[in-house]
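Read the single chain below, which is given as structure tokens and is the form predicted alone.
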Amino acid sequence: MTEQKRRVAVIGGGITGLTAAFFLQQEARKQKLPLEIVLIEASHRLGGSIQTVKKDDFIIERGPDSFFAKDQVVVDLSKQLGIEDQLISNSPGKSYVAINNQLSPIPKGSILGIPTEILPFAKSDAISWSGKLRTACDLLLPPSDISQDQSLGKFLRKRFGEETVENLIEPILSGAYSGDIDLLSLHETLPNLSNACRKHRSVIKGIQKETSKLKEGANGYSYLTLKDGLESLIDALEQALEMAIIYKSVRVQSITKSKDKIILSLNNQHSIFVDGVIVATSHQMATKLFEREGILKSLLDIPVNSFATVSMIFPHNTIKKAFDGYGFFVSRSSEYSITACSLTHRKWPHKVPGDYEVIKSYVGRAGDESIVELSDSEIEKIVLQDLKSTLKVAGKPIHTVVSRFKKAMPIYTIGHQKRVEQAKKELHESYPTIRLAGNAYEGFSLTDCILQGENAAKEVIASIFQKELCL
């Protein structure tokens, strides 16, 4: 179509940046465009928070370990990468919630802790009868006005009352979104729930009608991972980038303009001239890249949370409590430091040899993240104490893997969309061929990041080949 080669740089080699580079390559091949792709990652490895540790016959995920089975986006990407045959579904099981130091099953059919089936909820010991009656009021209350954004906590308490929110909904939402529900935005954190509520008077009825869009977070529904760990997706993406030049341990320090080119100044005293850029770093780093321009400052108002994961390997039969679940969330009413716990040997038995048990715990709650700053041994001691109390774990772990994610989880508070829109508007006015993508903007699930990477790739291709594509 044109002989003039263009160059696009992708800054950040996490899942968003990798998928952006991959779809740049796919679009260039599809439309026969002369494109050179440069992927720049500041650390020594690609994948960001997705990191799989393989020790002997154990497969331990430091960060995320799976995605929702109905999530076609990740499945489609796996097909394109030729690794679809490596997808494995989790073993079926129940989830629990720790309330006042007691483990109670999350009622069957609950989605994000919100009950959708009457009988299982009526039989639940997680909520008192007065709390159940208050929850049922959602079916009778007039529709809530959600034309203006509001906090999740305020909205949910109005619909279901204090007890169900505190005992069922808050533990799951705080675990999934790493934030205080009284600060989280209804519209931005749970857009599908928000949309369902616009169509139906009752939240419960709305979820029942829109259930296919809301089953992520549903108790008992299946998830998928890759046989050799989620990092296999990262490896497959890297191997597929035949058109890309990949730099690791190289940091972009600033972005400036020179006539019709964009200049990336690197920490190795070199510069790269490009036609387009996809910034797939954290929003904090994105702001620093444009410090000279004084733009993207609205992104600094996006709060972040720190957390850590603690995976412990134990001998078989270490868990002495009669417990048929594969994990539990923790209510704020409990006195535990852990916020959630997953029994890897039950959920993903292929990752753990038969004579062992692996328990993965999460620590670091919004507003109380000091535990993440403790030493590995101190964190291990605190987590082990909680596991002894909840699961009657006997003895000490054979091996422990502690992984910290400092200031890594953006929190979508009220006004989030306006902050992001303002930043993107400023960026487009100054740099029409640069796009932002990542977990701080339009969702932070694996699917959200992949979609943002794909959309950014298509937009940058269209912007730098605008004249050629119009011919």
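For every residue, the number given is its place in the sequence shown, counted from 1. What you are looking at is a predicted structure, and each value in this text was computed from that prediction instead of being measured.
Here the subject shifts to the form predicted together with a small molecule, a form of this protein not shown in this document.
Not displayed here, the small molecule is approached by Cys449 to within 4.5 Å at the level of heavy atoms in the predicted complex.
For the chain shown alone, Ile359 is not a contact residue for the small molecule in the predicted complex, no non-hydrogen atom being within 4.5 angstroms. Within this chain, Ile371 is remote from the site of the small molecule in the predicted complex, having no heavy atom within 4.5 Å.
Although the partner is absent here, Ile461 sits far enough away that none of its heavy atoms falls within 4.5 Å of the small molecule in the predicted complex. You can rule out all but one of 433 to 441, 52 to 60, 416 to 424, 24 to 32: in the predicted complex, only 433 to 441 has residues with a heavy atom within 4.5 Å of the small molecule. A heavy atom within 4.5 Å of the small molecule in the predicted complex is found for one listed residue only; from Thr189, Thr309, Ser178, Ser334, this is Thr309. Looking at the small molecule in the predicted complex, residues Glu41, Gly47 and Met285 each place a heavy atom within 4.5 Å of it.
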